[in-house]
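Presented as structure tokens, the chain that follows is alone, the form predicted on its own.
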């Protein structure tokens, strides 16, 4: 009975996962058509990594193309990239302080990478890799590792341990070390968990909303025998929302990463 109940729960979970609407992407279409081919099955298994790697490659090519020989008077993509870099630099500087420019390349790369992955769902047959927890967890672990490395480098090993212990300077502080140390350690591990969950579920909700509206438009068009362009207004309503929410989520991830870095720096180096 227990085995049958477990099997029933597993089947219910599978059906519930399959019931979640999702826009078809290129790899999914290939998998439905040629699922017996090994390389198609491999792509389907690792589709989130494939799409995230594609975004990284596109970002590298774009930045290399317009930073290799920058024009004196920028225009087009170069002008846009310079505006983004300047905006991110000012953004990081306000959060971290005078040392912010040192961290601009890391935070700026995070922002652009996450932003483009969030917006990938708007491109036909692509997918937002950030709607998968594996992708966002990897990004959060990267931020966690970077913050700990910055702390050890700027504070030194003893200073880093002193920071985790709550910086005790008197008898009461030293008595509270057994309490403060586990709390600080727990907080350091909770930070990447909150980063990954927040980004993943917000982007996932955006993708589901877009898929629902597209499916609703197609259903109305087919059911009422309307022209194929009839559902376009419904999709145009959702696209600005996806643009706004995707940008906000990338900014929130970058903001929290900047705050975590600022909290790890010596207090004299940031506001």
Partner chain sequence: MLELDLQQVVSQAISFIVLLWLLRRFAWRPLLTILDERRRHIETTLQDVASKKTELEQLQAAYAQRLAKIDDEARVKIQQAVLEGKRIAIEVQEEARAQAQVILAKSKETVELELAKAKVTLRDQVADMTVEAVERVLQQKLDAKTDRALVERALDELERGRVRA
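Positions refer to the first chain, counted from 1. Remember, it's a predicted structure, so these values are computed and weren't measured experimentally.
Beyond the structure shown, there is the form predicted together with the partner chain, which is absent from this document and is the topic of what follows.
Taking non-hydrogen atoms only, residue 164 never approaches the partner chain to within 4.5 angstroms in the predicted complex. Remark: residue 91 does not count among the residues lining the partner chain in the predicted complex, judged by a heavy atom distance of 4.5 Å or less. Under a 4.5 angstroms non-hydrogen atom cutoff, the partner chain in the predicted complex lacks residue 157 among its neighbouring residues. Within 4.5 Å of some heavy atom of the partner chain in the predicted complex lies at least one heavy atom of residue 200. Judged against the partner chain in the predicted complex with a 4.5 angstroms heavy atom cut-off, the residues 177, 191 and 254 are out of contact without exception. Checking 152, 137, 181, 126 for any heavy atom within 4.5 Å of the partner chain in the predicted complex turns up a single hit: 137. The candidate stretches are 139 to 147, 118 to 126, 183 to 191, 165 to 173, and the one lying within 4.5 Å of the partner chain in the predicted complex by heavy atoms is 139 to 147.
Taking the partner chain as it sits in the predicted complex, the stretch 94 to 124 comes within 4.5 angstroms of it through a non-hydrogen atom at 101, 102, 104, 105, 106, 108, 109, 110, 112, 113.
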